[in-house]
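Heads up, the chain below is alone and in the form predicted alone; it's given as structure tokens.
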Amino acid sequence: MSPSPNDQAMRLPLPTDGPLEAPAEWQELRRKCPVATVELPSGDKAAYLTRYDDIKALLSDPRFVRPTAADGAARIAPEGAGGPVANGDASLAIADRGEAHLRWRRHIGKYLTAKRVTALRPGMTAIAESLVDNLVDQGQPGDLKATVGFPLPVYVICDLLGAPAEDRDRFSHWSDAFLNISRYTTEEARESYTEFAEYMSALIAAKRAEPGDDLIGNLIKDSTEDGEGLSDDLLLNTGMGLLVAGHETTANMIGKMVSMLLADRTRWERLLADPSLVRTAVDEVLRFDANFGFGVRRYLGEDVEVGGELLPGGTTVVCSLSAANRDEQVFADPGEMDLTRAPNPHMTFGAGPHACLGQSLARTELQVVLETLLRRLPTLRLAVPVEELQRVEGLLVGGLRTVPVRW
């Protein structure tokens, strides 16, 4: 494995000049050291990939999977900190390998198709309208993340799963405990996991007694009808995994999206002049986001050649999706935000057998929020200079603490 340009392992996360800026090292690494050595916050070492083609090839190879605690893979979280996701159990025990994983994706995927998500759009718009009302009612300046960004995805995912939206504060806590590597001790994160599992088990039991027309209810019906549905354990971890993934990632992305578009207000003005650009703008925001956490890990169960180098079996690889999204070999002027960029084959949702199942849902939520804000608050602007925005420390999916706005 090659050393970094400084002949020593760089520490992740890489430093940046501002909360929305990309690390300067990415461009140099892609050019000179596409397979670098990095040190994770745990102190463990890993290989670090930054080129689009290398990352896409690795993620598309079914031999290489998310690490589990049993692999002895490099951990992200420091000793004594972080929850199950941060410490190697990335899949929440969801079937993660081979045919079992493909069956799981088939069962879940049919309820997250673009057609089914489109049917949810009017409800999402009504929620977004109500949340913007709340933002306005609370007065200026407002925190767009707390008032709009965080509530909307949890309302949507609760509706999708059939979980009570009034429990959203508990979901927020559980999500944070799962995905933050520094805010909670291992014991606190385990307690949150136990609470969450008990909650979800009770919800599934209620759905078994009276299945509704929601995702969990439909998965239970599938199991009853064809006998090949999800086991109780898989139902439990699917519900937990979708609540965490469907809430935390999109909630933070809403705040980052608005911040990026308002950081250079000519972008916002462009969308006001032509709202038809919202769809391509959302994908460009997803590509341009440099605050996307640590990257995606894969464990190499055998030797493999990457970027012209042989990586031995047992290596943990960190794929920087955000660095791949800035690759000059794939994207013209990658350091510029082009709201009309199409096609836009960004890798924010991953690639291959573990590509994000909820990407249609996430895209639609982001589009609905952006459309609603443009229509309702055309004079929206950041209430603080961009450089005063603060990142959430230790969050695997990246985020901003607050997004102060005026209108």
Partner chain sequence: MKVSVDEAKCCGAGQCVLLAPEVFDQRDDDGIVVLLAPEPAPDQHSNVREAAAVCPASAITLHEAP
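Numbering follows the first chain given and starts at 1. Note that the structure is predicted; figures quoted are calculated from it, not measured.
This protein has a second form, the form predicted together with its partner chain, left out of what is shown; the following refers to that one.
J.: In terms of non-hydrogen atoms within 4.5 angstroms, which of the given stretches 140 to 148, 308 to 316, 168 to 176, 104 to 112 touches its partner chain in the predicted complex?
T.: The contacting stretch here is 104 to 112.
J.: Indicate whether residue 68 is a 4.5 Å heavy atom neighbour of its partner chain in the predicted complex.
T.: Heavy-atom contact with its partner chain at 4.5 Å: absent for residue 68.
J.: Given that the partner is absent here, does residue 360 sit within 4.5 Å of its partner chain in the predicted complex, heavy atoms only?
T.: Yes, residue 360 sits close enough to its partner chain in the predicted complex that at least one of its heavy atoms falls within 4.5 Å.
J.: Given that its partner chain is not shown alongside this chain, does residue 43 nevertheless sit within 4.5 Å of it in the predicted complex, heavy atom to heavy atom?
T.: Heavy-atom contact with its partner chain at 4.5 Å: absent for residue 43.
J.: Does residue 35 reach its partner chain in the predicted complex if we count a contact as any heavy atom within 4.5 Å?
T.: Answer no; every heavy atom of residue 35 is more than 4.5 Å from its partner chain in the predicted complex.
J.: Among the candidate residues 208, 190, 279, 265, which is the single one with a non-hydrogen atom no more than 4.5 Å from its partner chain in the predicted complex?
T.: If I apply the 4.5 Å criterion carefully, the residue I get is 279.
J.: Quick one: in the predicted complex, does every one of 271, 332 and 335 get a heavy atom within 4.5 Å of its partner chain?
T.: Looking in the predicted complex, the three residues 271, 332 and 335 all stay beyond 4.5 Å of its partner chain (heavy atoms).
J.: Residue by residue through 36 to 56, which ones have a non-hydrogen atom no more than 4.5 angstroms from its partner chain in the predicted complex?
T.: The stretch 36 to 56, when checked against its partner chain in the predicted complex, contributes only 56 at the 4.5 Å heavy-atom cut-off.
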